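Next comes just one chain, in structure tokens: the form predicted on its own.
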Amino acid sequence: MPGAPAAAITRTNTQAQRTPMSKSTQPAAPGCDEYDPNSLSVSEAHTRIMELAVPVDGEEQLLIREALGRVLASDVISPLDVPPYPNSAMDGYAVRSADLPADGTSTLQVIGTSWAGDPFTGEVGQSQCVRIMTGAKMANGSDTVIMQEHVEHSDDAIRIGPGHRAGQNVRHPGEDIKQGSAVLAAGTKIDPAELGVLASLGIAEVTVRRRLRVAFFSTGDELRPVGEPLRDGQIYDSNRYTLYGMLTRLDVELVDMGVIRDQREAVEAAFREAGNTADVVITSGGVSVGDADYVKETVDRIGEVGFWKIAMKPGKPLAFGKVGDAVFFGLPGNPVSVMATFCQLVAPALRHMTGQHVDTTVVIKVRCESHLKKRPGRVDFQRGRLRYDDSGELVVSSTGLQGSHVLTSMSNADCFIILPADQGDVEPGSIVDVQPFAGLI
């Protein structure tokens, strides 16, 4: 149930879901898409996952360039004001606001120049001004900058007209960051902007959370590594490559364990090794109830399975629990299901485990140009592509075939079209929820 504590993921819970594994004991609702009353909703699955996936312990001190992509372990307190002194936002002339004309013109004598890094050290008196460059320190006595395009220059004097206001084009100390303020909070991911903020404060090192250690492997006798010839009935293992790509973007420590054969002993050995060395174990394939699907069975025996079915498409057979001290995600075998479940459920959990603040992903309402087939029963994450139509309206269209085996539906897409569980077919012109891939993968 929603809001259940982490302790709800126990052997008892596992036993409760074990009975209907091979076939639901309740009849399917008419017209529904593989309706299963034992499946969790996506939102409930997310809640249970986040309760168990607690942030890991461990910190390290890094130079700020090495900290790019990492998560701050403590607040960053500003040691100074940014900017540290009043400076000009424009190339122009630093003047006293008392010399600004209400009407007519005023003539001011130019007594020097203030350069960025080499400020003017004198005092600006009555009817005087200083030539000033963008970013240069304001000259003593001046409080206003007139853009160079707004003056008439003659020898060592300028003439200015009315329409200027006191304090214009001046950046004030602490306008961006005040000394003593918490400029970056613990849990902030250090992206390029944060790197620049740290540099602007003169901070050379920061304390960050340690990297999450993630072990992952595929299961299946039909899988072959890329670069090797295929025999009859075999396919190349693509899931480890999509997982590698998505995990690399999350900046975690990777342990690629390769392809594990569909043998109980091999699957159990892989799980014991991964559970003893990693914070998270991710598998693809083997979580259904076929005769050669040993992943859920093994975790059921040596670990804990909290749930293994979700009312989402693609991605219904997703197992979640623990192996040793590691959090376990058993993803489906179909490649689109791997990516969809990773984006919706795994990635937010991994970010949370690194101590990162997990923001709600952006979902926008957009007009759909395609007819979308959908049967009620599960939340459907169809793949779409956004564009602007001739009127400038943002619209979305389907990438075509939506089978969970059609990986090109992901490579051709830039968003998920999210259709709720009770939704039927979508007609062209309907408004749909769209989740852009940006920030997801």
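Note that the coordinates shown come from a computational prediction; the quantities given were computed from them, not determined experimentally. The numbering used is simple: start at 1 and walk along the sequence shown.
What comes next is about the form predicted in complex with a small molecule, which is not displayed.
Contact check at 4.5 Å (heavy atoms) against the small molecule in the predicted complex: none of Asn87, Gly92 and Ala166 pass. In the predicted complex, the small molecule sits beyond 4.5 Å of every heavy atom of Thr341. In the predicted complex, no heavy atom of Gly330 sits within 4.5 Å of the small molecule. By the criterion of a heavy atom within 4.5 Å, Gln356 is excluded from the residues contacting the small molecule in the predicted complex. Contact check for Pro335: a non-hydrogen atom falls within 4.5 Å of the small molecule in the predicted complex.
With the partner omitted here, the residue from Gln128, Thr298, Ser218, Thr144 that has a non-hydrogen atom within 4.5 angstroms of the small molecule in the predicted complex is Ser218. For the residues Glu222, Glu268, Asp99, Asp75, the 4.5 Å heavy atom test against the small molecule in the predicted complex is passed only by Glu222. Stretch 228-236 is the answer when you ask which of 202-210, 184-192, 228-236, 249-257 has residues with heavy atoms within 4.5 Å of the small molecule in the predicted complex.
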